[in-house]
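Below, in structure tokens: the form predicted alone, a single chain.
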């Protein structure tokens, strides 16, 4: 019945025909993973057995994309009655007792203890490993259910380790690499254009679905993964520290907000701010910061950033905002501080796919002058990384009292007390 509204290409068919209980699919961009997973979910909804299906993704918006595609396919079919759908507090549909829900990986507390017959973890390389091992897999223990991990690669992290299990045939895991070129809907001319516009490494990761870690990568996958958490460990509390990187030359404006210290900090907010004018951007930044009482802002004041900082100060007179001029040396200090925090696991953050992609493709390269050049590889942005580094630079350094000891003092045996 499904083939009346959708037909798989050969790569999708190979994925759908695998009987394995755990499937790992490393996909290139626009390969069609959303369509393939949606088609399988529809077949389960229309099958003879009761099913409880769950979509989990780094963010609820990401999970909604797959949920909405499932709904489109169901509504396009001529036979079944319309499903019952609710959208709050999270998307859920019910079709003759068979259910499908879409959840964010941030809400692990409410996921624990639930059961499911099939769980799809979308962008699985960008969620914390503990979400898969400690939350999702136990949901399938009593149902003999299936797990699908599907994602573009992100270095050699936990997703790569699951993929390797499938390559070696361990634990009944099936895995497959799915390059974009398999999709008949992506023209070869588009791929050739992308190959010229972005670095070779970026093309191999994003379109050929290869697991690569670059020698020039500043933030290793292992360090970033240590900092990822499904939920923040405690409630946010002052002081709030923010970093702001004004957009220029095609980069959007980016904002990051932290709390804590350089020993233990939490990422509360990271976002891009886009508006048709500079004044509108100033207003959006001011409103975003109003959610954090007493916030202290460190703002890029290089070039156009200086007048923008002044405009922000006029718009929000009580805001404590300072400027930071980017030079090769000052940027290196910022990035080194952030890299050290990530390496020590001192920054806890929920997975944001755009930030994680920027961290993955932020590299150190030797310039013609012999100096180290820090920034995004060709075809990528680094605005979120810069905003995060500015906020981390604002974090207080914990005070550690020390006692300086001199040489042992000698007393005469005849000294009077």
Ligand SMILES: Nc1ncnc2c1ncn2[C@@H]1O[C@H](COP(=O)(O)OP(=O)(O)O)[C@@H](O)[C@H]1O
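Residue numbers count along the first chain shown, from 1. Only a predicted model underlies this, so the values are computations on that prediction, with no experimental measurement involved.
The form predicted in complex with the ligand is left out here; the points below concern that form.
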Seminar exercise, completed: Partner contact check in the predicted bound form: of 49 to 57, 385 to 393, 30 to 38, 348 to 356, the stretch with a heavy atom within 4.5 Å of the ligand is 30 to 38
For this session: May I ask you to check whether residue 185 falls inside a 4.5 Å heavy atom distance of the ligand in the predicted bound form?
Result: yes
Exercise. Does at least one non-hydrogen atom of residue 69 fall within 4.5 angstroms of the ligand in the predicted bound form?
Worked result: yes
Exercise. Might residue 21 be said to contact the ligand in the predicted bound form, defining contact as any heavy atom within 4.5 Å?
Worked result: no
Exercise. Is any part of 5 to 28 within 4.5 angstroms of the ligand in the predicted bound form by a non-hydrogen atom, and which residues would that be?
Worked result: 6, 7, 8, 9, 12, 28
